[in-house]
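Just one chain follows, in the form predicted alone, and it is written as structure tokens.
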């Protein structure tokens, strides 16, 4: 088995735009290959993360984006697991390179979420929930996560103000991220004064609907060297599919995330305390707190301390810095591309390209991307500098 490396990354602007999905992908592709030969000279295969065809009424995204990139007649497939689609595209690319099937695979993700308006996005996201009972009850993503948040606040001493601090921290990080959708800070009062979307979750507890694309070039170590690429190694991969229905889910602990991260740690030969930076799936502020606990960074009930300097956290916490990009909350959440935007941030941190948000001496990163309710499907990756 050969090592898989991320040799180049790129994103489109993240936000609300008139550009269709294929043009967003073109922007991400152009950045990825800005210092490399033409994609047709490098890429052997393509995986596309796309959450739903409902936004632009477009299936066969693999074929479409392969054609758009000049990669006709290569293997090209769309993968999906709701918001974990981008991470699954990355996982498949890493698998192919490790196995020696291909030397270079493009993992990309794209979503044009605003194409169908608010109702269209709500319906597309609700398709990730169990159909027979839950979808037909009118359940939405915020209402599902509100159940989790309410239970978490009941089981711990965490308050809505504590969750607000996570939003404040992620907006502060995003203000230093030129890729972010919201490059501005907010204060706790602004978060707490925002309207409830689904109590106890307020507007500023929720990641925004986002248009965007991301691309990550995964290569063998040899090809990364031949391309003179400033690469990082994909040292560990882990995935886990848990329960789709909320009625079957554990609302107090993200077991699937625990399993996926543990598999990635084992694959990489590391422990949680070895991780310097992590991008975790904060579709809602409560997710960041619960994921910090599930992947072994924080003691139970203390995940909200992601906002504190590592030296000021409770005993049992690791020294990890979480969501330096601004997270889904402020960087943006272009569903199918989200797992890959996480990889872009980790790549920039590990190669010293993160600018004002750079964590000194960052050498190991964890990515956690979830799809469906909480951890219905989780993909985790460990990246290390080379």
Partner chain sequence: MSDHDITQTGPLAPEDVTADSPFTLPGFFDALGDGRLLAGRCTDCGTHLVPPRPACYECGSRAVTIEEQPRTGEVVSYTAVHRPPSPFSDLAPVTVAVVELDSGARLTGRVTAPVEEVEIGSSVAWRARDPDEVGIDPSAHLPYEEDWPVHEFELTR
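Residue numbers count along the first chain shown, from 1. What you are looking at is a predicted structure, and each value in this text was computed from that prediction instead of being measured.
One more form of this protein exists, namely the form predicted together with its partner chain; it is left out here, but the text below deals with it.
> Within 4.5 Å, heavy atoms only, which of 194, 183, 140, 156 is in contact with its partner chain in the predicted complex?
Of 194, 183, 140, 156, the residue with a heavy atom within 4.5 Å of its partner chain in the predicted complex is 140.
> Please tell me which of 233, 151, 74, 95 lies within 4.5 Å of its partner chain in the predicted complex, judged by heavy atoms.
It is 151.
> Heavy atoms within 4.5 Å of its partner chain in the predicted complex: which of the stretches 104-112, 237-245, 311-319, 275-283 has them?
Selected range: 237-245.
> In the predicted complex, does residue 134 have a heavy atom within 4.5 Å of its partner chain?
Yes - in the predicted complex, heavy atoms of residue 134 and its partner chain come within 4.5 Å of each other.
> Is residue 119 one of the residues lying within 4.5 Å of its partner chain in the predicted complex, judged by heavy atom distances?
Result yes; residue 119 sits at the interface with its partner chain in the predicted complex.
> Please tell me whether any heavy atom belonging to residue 199 falls inside 4.5 Å of a heavy atom of its partner chain, as the geometry stands in the predicted complex.
Contact check for residue 199: yes, within 4.5 Å of its partner chain in the predicted complex.
> Give a yes or no for residue 123: in the predicted complex, does one of its heavy atoms lie within 4.5 Å of a heavy atom belonging to its partner chain?
Because a heavy atom of residue 123 falls inside 4.5 Å of its partner chain in the predicted complex, the answer is yes.
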